[in-house]
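One chain comes next, on its own, written out as structure tokens in the form predicted on its own.
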Amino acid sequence: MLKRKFGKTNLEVTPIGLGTWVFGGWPWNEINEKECEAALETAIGAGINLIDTAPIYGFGRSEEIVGRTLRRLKVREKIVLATKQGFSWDDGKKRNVRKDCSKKAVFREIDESLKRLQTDWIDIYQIHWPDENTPIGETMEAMLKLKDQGKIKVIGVCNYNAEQMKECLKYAPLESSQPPYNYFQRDIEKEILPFCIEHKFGTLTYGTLCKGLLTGKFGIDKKPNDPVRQQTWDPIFETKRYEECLAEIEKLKKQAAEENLTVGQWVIRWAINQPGVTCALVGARNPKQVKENTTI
């Protein structure tokens, strides 16, 4: 798999990256950890070199799976590892999840992630969501210190708009952005992708398969039932919008078939060829899904 230069950085990444949100289980349906490890191993075997995770994915579970698998395979030096900062939670059944991008949280979370991932550095360290209660300058100055310490190589953000990224640049050399993007959800084409192109950011777009909707495996009478794929979480699963998407997917299936692809493979190829997209993250919970996603 040919690699692409990641913005202005020294990193080179594959156009498809493995997203590991589902590895955490919650808030998706329960997963099999051995299957997740096998999915990661299959992805690496297929040539994928960018792995994206986050502490909030299963409250550390995803990072732990990624960390022990990379250690077992002895491939850490070959992998561009991306993780995130920005959520705190309590132990126990009621987690009380909350945004926290304070300087104190940044310094605490990096060490926790390094331990779970069994590594000495993070290649792309990203603020997961903007924290309205913490000045952007405070967060970025903390991230810059982590870079100076050698704990991270690239400072990134997720889910930030253009104005917020512009503010970040006042305090630190921001070089990476991770926004949502897929065939159905293209809002970032208006301002975010043009901003990233202008500033030569590397981009990791997520939601490439629209939480599995763009695989074509769902239908009117076969709607997913986990919390992530309900209209209260994502409005695309509201009944009318969902039915409109299903109708569009039927058209895409015909177009994909003409190119000897599944609809999922077609939309992945579509995503990685859009202007401003460096790497499209695609999730998978088992080797079979990885093999299909990387055969494009």
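Predicted model, so just to flag it, every value in this text is computed and none were measured. In case it trips you up, residue 1 is the first one in the sequence shown, and so on.
In what follows, reference is made to the form predicted in complex with a small molecule, a form of this protein that is not presented.
- Contact with the small molecule in the model of the complex, judged as any non-hydrogen atom within 4.5 angstroms, is confined among 194 to 202, 165 to 173, 67 to 75, 121 to 129 to 121 to 129.
- Proximity to the small molecule in the model of the complex, defined as a heavy atom within 4.5 Å, holds among Cys158, Leu117, Ala142, Leu81 only for Cys158.
- Between the options Val154, Ile136, Ile110, Leu209, the residue in contact with the small molecule in the model of the complex by a heavy atom within 4.5 angstroms is Leu209.
- The three marked residues, Gly19, Arg229 and Glu292, each reach the small molecule in the model of the complex, with a heavy atom inside 4.5 Å.
- Using a 4.5 angstroms limit between non-hydrogen atoms, Trp28 touches the small molecule in the model of the complex.
- Using a 4.5 angstroms threshold between heavy atoms, Tyr57 counts as touching the small molecule in the model of the complex.
- In the model of the complex, the small molecule sits within 4.5 Å of a heavy atom of Leu281.
- Proximity of Thr215 to the small molecule in the model of the complex: non-hydrogen atoms within 4.5 Å are present.
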